[in-house]
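Just the one chain here, laid out as structure tokens, in the form predicted alone.
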Amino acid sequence: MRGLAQSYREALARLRVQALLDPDSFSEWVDPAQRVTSPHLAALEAPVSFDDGVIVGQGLLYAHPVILIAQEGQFNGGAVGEVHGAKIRGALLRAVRDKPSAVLLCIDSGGVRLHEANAGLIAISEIMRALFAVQEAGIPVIALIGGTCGAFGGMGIVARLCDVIIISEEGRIGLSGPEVIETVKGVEEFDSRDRALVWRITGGKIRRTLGEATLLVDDDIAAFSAAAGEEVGARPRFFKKRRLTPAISLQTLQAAQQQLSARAELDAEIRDGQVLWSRMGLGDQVSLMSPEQFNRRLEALES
């Protein structure tokens, strides 16, 4: 299916999996036929899904063996519960054993399920621990973000732990979602109905501008696939980076925090991405640029 224009944002997780990987290469673990569902949702008489909202398995990406994890944002907002989290953790630990070229983590989640909050929070911590084990084994973890839910809550933190983040303009990353911020702080602080504001604060372009995402791609499954394929092909640099990178000292962290604090004081009037883009000399051009042009401009500014 690769090569056809297909919106990543609008596609269900199973279509994303099939279109991302080489044709007929994906083999699913704990598939819907096994009917492993959340006991907590059933106890509350809430709808269940036979895959509990996440697909895990192995396949090939441009002939490279990979393990793929794909959350389904259309089921409970991709929220993490006990079974959902266990499947992700199990797939990550399988990567430690099988040593694939990479792990692809297709994040589409609003955070932890309120139905099973404690179990979900524990699952997030176990996912983080397993992700670190994958990285310690020298296997890159590549996050793909462009679904309807984005990457928020616990999965927003998980996204920032990944080696590479590939995001579309429609993708979003954050800790608390706009609705949560509005509920706690009021509409004056964050109007969740202002969709333009939401994307200027949490969207793919601003995350790439701030260096919080590695690559900005079109809302096209083939574009995500090609970008991930290039990163998987660059796997040796991950080993080199980990061997040569020293442990981060407390003094280094404190210096970085001071730098961020100084930047916040200088740019106190900045409220969203439009002002930041203007400061960088991008202005309104950013909405007219292709992702390739945008990346080249940022690289030129950074150099």
Partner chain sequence: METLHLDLPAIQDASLNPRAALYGVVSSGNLEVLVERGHDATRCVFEVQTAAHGFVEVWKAVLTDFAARHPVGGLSFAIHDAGATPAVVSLRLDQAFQSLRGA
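Small disclaimer: the values here were computed from a predicted structure and weren't measured. Numbering follows the first chain given and starts at 1.
Although it is not shown, the form predicted together with the partner chain is what the next lines describe.
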(message) Under a 4.5 Å heavy atom criterion, is A46 part of the interface with the partner chain in the predicted complex?
(response) yes
(message) F50 versus the partner chain, in the predicted complex: is there a non-hydrogen atom within 4.5 Å?
(response) yes
(request) Indicate whether P32 is a 4.5 Å heavy atom neighbour of the partner chain in the predicted complex. (result) yes
(message) Contact with the partner chain in the predicted complex for Q74, defined as at least one heavy atom pair within 4.5 Å: yes or no?
(response) yes
(message) With the partner chain taken in the predicted complex, which residues across 11 to 32 come within 4.5 angstroms through any non-hydrogen atom?
(response) L12, R14, P32
